[in-house]
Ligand SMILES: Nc1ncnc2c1ncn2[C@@H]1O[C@H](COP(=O)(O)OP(=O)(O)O)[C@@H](O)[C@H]1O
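In the block that follows, a single chain appears as structure tokens, in the form predicted on its own.
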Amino acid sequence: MAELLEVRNLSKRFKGVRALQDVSFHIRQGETVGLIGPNGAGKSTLVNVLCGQLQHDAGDIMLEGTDFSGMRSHQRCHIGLSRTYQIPRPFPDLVVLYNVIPSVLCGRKDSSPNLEEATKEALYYLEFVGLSDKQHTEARDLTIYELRLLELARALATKPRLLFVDEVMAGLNPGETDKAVELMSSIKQTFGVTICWIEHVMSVLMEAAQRIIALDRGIKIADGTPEEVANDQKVIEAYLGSEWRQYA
């Protein structure tokens, strides 16, 4: 698989507090890569830097060999980077359909649908994630599970090449978690999008990811197959605990 994203020696500090330090990794086209670590490890900071919500202090970030660190968030979206948020960020006073239409209109730079076409596309993504029956419901009235589905619909509507998914399972019950896992599999099969998936439900990533990257206190401590990472002593001590030795 060809290399899609390359990160070299990425560092970020907040008033002297190290959030990321010399983080380097790559993601290949078509991969699903898990990103794990304890709270405060730097996972969301990393995604915020890559998607343009934060500016890094040092390092290089490249998409297919082209440095995009000078781009603003919307420009990064135009070249194919999209994301969901750990805490959903809808337009609460707008109905679900009107939450997705802007993603269609403003997503990829090479696409310029009119409003009628954008509405049809938005409805397609809502149907795909299972929210078509909520299209006229104000976003403020959705459940946490439905809000996470809306996050995915909005991200997919930008037609991403690389999708960052930030804890899509958080706050879900077991039944909703199973449905979300099935949806993520369908996203992969239908759109062929490359995925970087932050998740605390390690059992999900053991099944879904080809590789897992582990962070601890802003430092990359492991990068390998799910089995390799689950049995890495640094990861066990920092995050997983001894029960994950079953994968040895």
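From a predicted model like this one, the values you see are computed outputs, not experimental measurements. Residue positions are given as counts along the sequence shown, with the first one as 1.
One more form of this protein exists, namely the form predicted together with the ligand; it is left out here, but the text below deals with it.
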query: Residue (of Q55, S186, N39, T66) lying close to the ligand in the predicted bound form, criterion heavy atoms within 4.5 Å; finding: N39
query: The unique member of A19, A238, A230, L10 whose heavy atoms fall within 4.5 Å of the ligand in the predicted bound form; finding: A19
query: All of Y98, Q135 and T158 within 4.5 Å of the ligand in the predicted bound form, heavy atom check; finding: no
query: Contact of Q86 with the ligand in the predicted bound form (heavy atom, 4.5 Å); finding: yes
query: Contact label in the predicted bound form: S44 to the ligand, heavy atom within 4.5 Å; finding: yes
query: Location of the ligand contact in the predicted bound form, chosen stretch of 176 to 184, 57 to 65, 44 to 52, 23 to 31 [non-hydrogen atom, 4.5 Å]; finding: 44 to 52
query: Within 4.5 Å of the ligand in the predicted bound form: residues from 189 to 223 (heavy atom criterion); finding: none
